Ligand SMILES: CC(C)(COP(=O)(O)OP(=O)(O)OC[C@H]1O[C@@H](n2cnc3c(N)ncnc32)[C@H](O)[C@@H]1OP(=O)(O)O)[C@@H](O)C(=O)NCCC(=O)NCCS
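Coming up is one lone chain in structure tokens, specifically the form predicted on its own.
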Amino acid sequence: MGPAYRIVTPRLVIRCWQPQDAVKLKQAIDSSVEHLRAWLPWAVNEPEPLERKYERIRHWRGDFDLGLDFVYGVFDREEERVLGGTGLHNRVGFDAREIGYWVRADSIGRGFATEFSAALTRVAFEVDNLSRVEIHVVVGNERSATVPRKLGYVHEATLRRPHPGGGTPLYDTMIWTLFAEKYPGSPASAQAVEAYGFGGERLL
């Protein structure tokens, strides 16, 4: 059925990035650089020029349309403000995806990450029919670790510095997983969500 291009929850719109989002994306990241650098390797290169944001969005959209990777923007319901970013990433093996996320600094503590991660969990299992979803959290980021814990994910392992070099920091990382057979009884399955495909057709 999928992928889901647009996902709606009671407070949020989670959708594929568009070129017109570039300015709002830059504003969200620029206002949150110090917060993001503490936990996310890509943030060491921020702030970037606006032109780079257009390039990134073009790349994300191309991969999305080709089914290579699924990067989403997180917006308020009016879609006037970027609240963060997330994704269902094809980097954890066959029939599985990883949910990644960040929230802008002035919107932390309002439960947004839990809400949109629950929505993506539903999409992963009910639209994409996957067998496993993972969430990776840097050791020490307790706020971020509450998200998979609240949604019924299980902490399976902690990997020591699993990410490659290339000039970015290396972090010990917790791996949280949820399997299809455990999903129906999980808190994530109760999240109110609507999901729509490329042509606006209702998927969920």
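All residue numbers refer to positions in the sequence shown, first residue = 1. Bear in mind the structure is a predicted one, so any value in this text is a computation, not a measurement.
There is another form of this protein, the form predicted together with this ligand, and it is not shown here; the text below is about that form.
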**Prompt:** Within 4.5 Å of this ligand in the model of the complex, do we find a heavy atom from each of 40, 141 and 144?
**Reply:** yes
**Request:** Using a 4.5 Å heavy atom cut-off, state whether residue 28 contacts this ligand in the model of the complex.
**Result:** no
**Message:** Quick check on residue 133: any heavy atom within 4.5 Å of this ligand in the model of the complex?
**Reply:** no
**Message:** in the model of the complex, is there a heavy atom of this ligand that lies within 4.5 Å of any heavy atom of residue 124, even though the partner is absent here?
**Reply:** no
**Asked** Closest heavy atom of residue 81 to this ligand in the model of the complex, within 4.5 Å or not?
**Response** no
**Request:** Work out which of the listed stretches, 87-95, 68-76, 104-112, 124-132, brings a heavy atom within 4.5 angstroms of this ligand in the model of the complex.
**Result:** 104-112
**Complete:** Partner-free chain; cross-checking this ligand in the model of the complex, the single residue of 35, 161, 155, 56 with a heavy atom within 4.5 Å is 35
